[in-house]
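This document starts with one chain, in the form predicted on its own, laid out as structure tokens.
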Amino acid sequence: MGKGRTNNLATVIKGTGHASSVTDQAKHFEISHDRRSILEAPAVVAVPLLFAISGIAIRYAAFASVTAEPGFESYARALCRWDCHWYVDISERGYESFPIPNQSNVGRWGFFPLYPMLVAGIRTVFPFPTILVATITSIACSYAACLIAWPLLEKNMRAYVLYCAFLLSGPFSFHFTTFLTEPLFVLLTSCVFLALKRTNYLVAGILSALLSATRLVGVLVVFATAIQMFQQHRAQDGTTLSFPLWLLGRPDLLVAILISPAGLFAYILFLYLTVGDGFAFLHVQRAFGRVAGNPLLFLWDGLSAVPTTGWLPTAPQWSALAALTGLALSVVLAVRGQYGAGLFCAVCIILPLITNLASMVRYVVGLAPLIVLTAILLSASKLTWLAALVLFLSACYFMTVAWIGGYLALV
């Protein structure tokens, strides 16, 4: 009897010791996880900062190689190409109420107002030349877009490094560091999809409204919001037929959808009151040579524009290849279950493609979900990750020279 009681006591002590061991292991894991999170935070902040600095150095070296004029302001002006000049004019002078003289009836109305307004507001606080304010603001927006991308990349450090390198030191980094809408567009798009990831629909709606005031295609992100709502409804065992009724029973969701195009509507109202044509941003596209046509024909014409000398693709071929690559990546997003992001990116490519291939490279590389997906795919192995990182940094110099030189594929 005493022996049995001793054995039982030993068993209890053994079991208690095992439970204590498990508890200790859990505490050790929790401490390790917290320590790793603490170490991650400085890295997340430092990585885009390092690429922002290296990007400025590489692009400045490219600028110095083609011009003898020194100084950061000269560098910023040299990178201000094509549409950048329109945004500088809007920020300094606002919109005309009539076509600009001696410019073939071209007006500034085709360029949406949010980013020029933001730069103009910052310039009232820091009275420096517009292009300097805009350049610093663009770098800040791209830096912020990197921070927002961290949770979108599922805290994958290799993918995060590639994403930051692409935006701030990559072959198209001049698009994200000068006075174009790409920096703000990428930042707001990333914020919208992060809000949707966290099912914060009201925040997503407000950000979507800002996005629709940044570029026309920004209004299309509302479809991604609706798809996310539908997926949430299905996850709660709802049916397709019951979705409209479920949506009507959620006023917060309805508000999120209804406010999404508010930025576009505000711009339409502004144009109606000042120009007399609320859709002047569409009608003025004819003056820029954008007329609706067959997108398949535009793609075929682009691919068929073979070089007459040399082996490098022509500008139309680069544009057509960029459109096809963007559409292929949009399909990959859908296959991976990101239906809203895939649809948003596809429509953002197809809509301008209906007019022609102009600026197609810039439109494709400025779609945040495609950049996130590309970074994830290229970071699948250490070898492809390293090769992509080296390619991004080395191509930055040569592409910046091409941008300053006015290469049409980069417009």
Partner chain sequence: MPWSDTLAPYRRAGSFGGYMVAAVLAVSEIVILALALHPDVNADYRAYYIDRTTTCLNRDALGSYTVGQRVSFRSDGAKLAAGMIVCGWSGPVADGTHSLGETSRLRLEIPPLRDGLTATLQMAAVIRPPQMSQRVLISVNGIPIHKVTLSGKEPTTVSFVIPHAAFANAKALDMAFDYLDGIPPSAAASNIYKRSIKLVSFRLDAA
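Residue numbers count along the first chain shown, from 1. Here the structure is a predicted model, which means the values were calculated and not measured.
Quick note: we don't show the form predicted in complex with the partner chain, though the next part is all about it.
Checked against the partner chain in the predicted complex, the residues Val306, Leu241, Val291, Val125 give one hit for a heavy atom within 4.5 Å, which is Val291. In terms of contact with the partner chain in the predicted complex, the residue from Val332, Met117, Leu324, Ala287 that brings a heavy atom within 4.5 Å is Ala287.
Remark: of stretches 192-200, 316-324, 265-273, 82-90, the one touching the partner chain in the predicted complex is 265-273 (heavy atom within 4.5 Å). In the predicted complex, Phe166 stays away from the partner chain, with no heavy atom inside 4.5 Å. Under a 4.5 angstroms non-hydrogen atom cutoff, the partner chain in the predicted complex lacks Gly110 among its neighbouring residues. Looking at Phe298, you'd find a heavy atom of it within 4.5 angstroms of the partner chain in the predicted complex.
Residue contact check for Ile259: one or more of its heavy atoms lie within 4.5 Å of the partner chain in the predicted complex. Shown here without the partner chain, the chain has Leu248, Gly249, Arg250, Pro251, Leu254 in 231-254 lying with a heavy atom within 4.5 Å of that partner in the predicted complex.
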